[in-house]
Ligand code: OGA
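There is one chain below, alone, in structure tokens, taken in the form predicted on its own.
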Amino acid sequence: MAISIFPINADFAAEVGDIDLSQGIDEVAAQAMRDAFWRYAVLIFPAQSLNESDHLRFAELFGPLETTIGSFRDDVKLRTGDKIADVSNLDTNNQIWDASSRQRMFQLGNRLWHTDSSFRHTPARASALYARSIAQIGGHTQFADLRAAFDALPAARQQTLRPLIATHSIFHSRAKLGFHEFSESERAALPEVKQVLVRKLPESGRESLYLASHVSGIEGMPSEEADAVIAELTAHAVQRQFVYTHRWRAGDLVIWDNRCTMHRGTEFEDLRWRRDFQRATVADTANSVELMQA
């Protein structure tokens, strides 16, 4: 099975054609997709018609699946199975949520630049997001290439960053939005974790920053200094030359490499337009600090 790859940028983001992900995918096509993924970090598969099983089967081509964070929360009744993250603006009755929805407050954090599951001991390798219905206006997703951002730093700066270890917490990113209402059981289920600040990707040998709004500190560094370093690096990484903005079409499936990208959702009228998106997330092989030490 031959597929077509249409790069959007030389080494960042590409569209993939001549494949129907609802059908069986042979190993030749699967390997071609993986090879393209390691190179471009963001792949777009337009005009797909997928059920939940199709979606999960595709994601598993890139590794084992995570259990959604919703399963750790006290207030969430899942609209989907526990391997699918519901990133829609819909409640369990498939109606648009209201302004006081706790789920809405939690998901507003997706509008911050972040990396999926960096707040878990074993973070995410890849995320595959499928658009079932889209907002009429807004609701785009922006991706930042953290490999190119690292390459653009002076060599001396790269050297100072390589040994640094950051701490990550989902509660830190939500606190930035003024959302602090988490139970003891929720906090216990997702404790703060350590991740490297610079990753080396085994498939390409390229180095990459590893950033997220979840970063709550840097080991051995005063909090104000750490906050300044993360703010500086984030501002550098999301400059226009490193960013691809995806304008969704219903039926798009986009998969991205969480090890070397950040992303964020842009605003839309979430109390007006239905936006039904579902995500399957592939776990990495180990904690990033453990991988560095191996």
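Keep in mind that this is a model prediction, so the values were computed, not measured. We number the residues from 1 along the sequence you see.
One more form of this protein should be noted, the form predicted in complex with ligand OGA, which is absent from this view; the next part is about it.
- In the predicted complex, no residue of the candidate spot (197, 259 and 289) has a heavy atom lying within 4.5 Å of ligand OGA.
- The single contact residue among 144, 135, 126, 129, judged by any heavy atom lying within 4.5 Å of ligand OGA in the predicted complex, is 129.
- In summary, among the residues 110, 167, 101, 204, the only one with a non-hydrogen atom within 4.5 Å of ligand OGA in the predicted complex is 110.
- Heavy atoms within 4.5 Å of ligand OGA in the predicted complex are found in exactly one of 46-54, 30-38, 234-242, 260-268, that being 260-268.
- Using a 4.5 angstroms limit between non-hydrogen atoms, residue 161 is distant from ligand OGA in the predicted complex.
- When contacts are judged by a 4.5 Å heavy atom cut-off, residue 114 counts as touching ligand OGA in the predicted complex.
- When ligand OGA is considered in the predicted complex, residue 105 lies well away from it, no heavy atom lying within 4.5 Å.
- Among residues of the shown chain, residue 12 is not one whose heavy atoms approach ligand OGA to within 4.5 Å in the predicted complex.
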